[in-house]
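Shown below, as C-alpha cells, is a lone chain in the form predicted alone; questions about how it binds or moves come after it.
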Amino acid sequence: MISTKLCSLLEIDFPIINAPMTGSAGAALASAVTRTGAFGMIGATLEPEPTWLNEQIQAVREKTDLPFGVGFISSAPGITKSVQTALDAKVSAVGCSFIDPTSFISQAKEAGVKSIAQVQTLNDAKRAVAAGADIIVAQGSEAGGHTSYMGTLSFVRSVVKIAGDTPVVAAGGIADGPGLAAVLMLGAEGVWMGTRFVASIEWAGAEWAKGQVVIADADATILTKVYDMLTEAPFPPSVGDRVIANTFTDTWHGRETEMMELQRKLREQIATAVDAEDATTAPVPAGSVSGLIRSVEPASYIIREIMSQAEDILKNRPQALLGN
C-alpha cells in the first residue's frame, strides 16, 4: 500500500485530493472522496454570504466524521466571510490560490487549521514555504480551469527542491495510476485532481459538461483568457483558463482587443449558450488529461482504480527496468 507524508499529515489512506472546484465540488463529491480514504474538498462559491458553504460543510459531516477541507479562489473579492466560516467550522484544512499565500496561512494557523497553498510560480512557492504552509500544491499548465504556464513535471520537481520538509502535491495532467506514480517519483507526496473528478457521478456541475470531458482528446483544450476577459473574472494577469476548445475560442483567441469591443454582446451570448447547453460557445474547463478519461464513474471507483494502477507500476516497473 502506498503511504506518504501527505497521508500521515491529513490522516488519510490514499494520497489523493480532489480539487475544490468552485461550486461544483460540493458535499456529494467531498464526502465520497473522503469516505473512500482520500481527502475530499469543497470548492467555496464566490457569493459574499456563506450560506451554501455552511450547508455543504454540514452535509459532509452528516455523512462522515473523517477529515475534509474547503478551498477558495482567494483572488476573488468578498470571500472573507466564507473563509471565516470554514475556519470556525474547524474543517481539517483550507486551501488558497492565486494570491501571495502569507496572510491566508497565518489566518489558518491562528485558527488551528491546516493550510494548503496552491502555487503557479516559484516565487509563490517560496513565499508559501516561508509562511509555513502545511501543504504546497504545485499546479502545472496542463490543469483544467484556471492555471499558469509552467509545465507540471518541471514545476513539481522545482517546487520539491525548495520545499524542504513541506509536502508537495502535484496538480495538472494527472488522472490515473501512472500519473500518480510518475509524480511520486519526482518527490511529490500526492496528487490534486480536478478534471478526473469532473467525470464522476458526484460532481455537481452540468451533465453535458461531463460529457464534453469524456469525448475530448488530449489536444482538445486551449489555455486562453477570452472568457475571463469578457466576464471580468477575478484572476491575476499571470493566470490563464484551460477549457475545451470550441467555435468561440477558435473565433476570439488571439483577437482579444477586437473581442472586447463587443464585450456586452458576447457576454450575453455566453450566458445564453450555458443555459442552452451549447458547447460550441459555452466554456467547459478541462485539463489536457481529458484524453485519458472515457467514462463517468463513482468517485470511489476512480480513487481505487488509480491506487491499484499506481501500486502495480511501482512494484513491477522498477524491476523490469533494472533487470532484477
Ligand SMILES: Cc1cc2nc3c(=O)[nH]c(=O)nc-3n(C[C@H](O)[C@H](O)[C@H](O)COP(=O)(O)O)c2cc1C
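In this text, residue numbers run from 1 along the sequence as written. Model, not experiment: these values are computed from the prediction.
Same protein, other form: the form predicted together with the ligand, not shown, and the subject of what follows.
- When the ligand is considered in the model of the complex, only one residue from W252, W203, F155, F104 comes within 4.5 Å through any heavy atom, namely W203.
- Among I302, A19, I16, L10, the residue placing a heavy atom within 4.5 Å of the ligand in the model of the complex is A19.
- Judged by heavy atoms within 4.5 Å of the ligand in the model of the complex, the contact stretch among the candidates 106 to 114, 226 to 234, 190 to 198, 127 to 135 is 190 to 198.
- Interface residue remark: A27 is not counted as part of the site for the ligand in the model of the complex, having no heavy atom within 4.5 Å.
- In the model of the complex, none of the heavy atoms of A86 sits within 4.5 Å of a heavy atom of the ligand.
- In the model of the complex, no heavy atom of G240 sits within 4.5 Å of the ligand.
- Among residues of the shown chain, V160 is not one whose heavy atoms approach the ligand to within 4.5 Å in the model of the complex.
- In the model of the complex, not one residue of 301 to 323 has a heavy atom within 4.5 Å of the ligand.
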